[in-house]
Ligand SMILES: NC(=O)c1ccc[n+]([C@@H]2O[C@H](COP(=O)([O-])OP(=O)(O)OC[C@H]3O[C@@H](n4cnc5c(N)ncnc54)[C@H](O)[C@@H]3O)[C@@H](O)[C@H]2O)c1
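Read the single chain below, which is given as structure tokens and is the form predicted alone.
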Amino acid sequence: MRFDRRIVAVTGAASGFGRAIARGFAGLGARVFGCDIAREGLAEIASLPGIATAAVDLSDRAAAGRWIGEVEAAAGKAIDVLVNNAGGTLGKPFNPIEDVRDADWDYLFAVNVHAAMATIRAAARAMKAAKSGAIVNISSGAGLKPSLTGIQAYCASKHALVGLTRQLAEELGPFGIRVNSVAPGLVLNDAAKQRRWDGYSEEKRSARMSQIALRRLGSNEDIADGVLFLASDMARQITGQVLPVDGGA
């Protein structure tokens, strides 16, 4: 499985899943362009061969679209693989629905759904002209069922991203463009998730682990491997699918 001479764009590339995804593609020969708002993390991955970075606030749809144009201009061709990874709970806490603020709800949708729509919208024209392309959206187990976080906007926005994935697979399939999603299970890849896990009792952690068939939590690399597969020619007949990478949760 190689990506030599392929142009890959990854959002949220500064840390976590995004960093592992960017490194995975670069290690397999791709020319990778990553964006994020975390400049320190971007500086770290920019030091790796084959990865160029840009600071972009993806909650601004116009900025997201401009970044895609900049990647195409730098590459001199259409993007071959677009990975919409940016998103998550974004530091927002759980609140009862009657206390949910409009600003928090809107921000989660802006990054988790609207940014993906904006990058795909911007990349679609050149992908259509090239008659090829692979798009992988990082959704979540919370896009298929209620979220362990309880955060309503997170769960709803990830469900929306799954819907967008399936609809665009239908729309773009005739142009040779595949659209799929990876739905990660529990991965302790940021401080907020680690704090929640550490806050569980030993009994609750054991109960949660017993619900995972493989009896282990996932890693960033596990998620990256799922993305690499769906973006590769090995998945050339796969589109409109959601691949749970959750150890059989």
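It should be emphasised that the depicted structure is a prediction, and the values quoted were computed from it without experimental measurement. Numbers for residues come from their place in the sequence shown, where the first is 1.
The same protein also exists as the form predicted together with the ligand; that form is not shown, yet it is the one meant from here on.
K193: touches the ligand in the model of the complex, heavy atom cutoff 4.5 angstroms: It does: once the ligand is placed as it appears in the model of the complex, K193 has a heavy atom within 4.5 Å of it.
Heavy atom of G133 within 4.5 Å of the ligand in the model of the complex: No.
Report whether the minimum heavy atom distance between Y107 and the ligand in the model of the complex is within 4.5 Å. Yes.
I51, heavy atom within 4.5 angstroms of the ligand in the model of the complex: Result no; I51 lies far from the ligand in the model of the complex.
Looking at V71, A123, I177, A86 here, can you tell me which has any non-hydrogen atom within 4.5 angstroms of the ligand in the model of the complex? Exactly one listed residue reaches within 4.5 Å, namely A86.
Can you pick the one in L90, V113, A156, A169 that has a heavy atom within 4.5 Å of the ligand in the model of the complex? Exactly one listed residue reaches within 4.5 Å, namely L90.
Counting any heavy atom within 4.5 Å as contact, can you tell me which stretch out of 96 to 104, 72 to 80, 139 to 147, 169 to 177 lines the ligand in the model of the complex? Contact-bearing stretch, as computed: 139 to 147.
Which residues from 181 to 195 come close to the ligand in the model of the complex, meaning a heavy atom within 4.5 Å? Result: P184, G185, L186, V187, N189, D190, K193.
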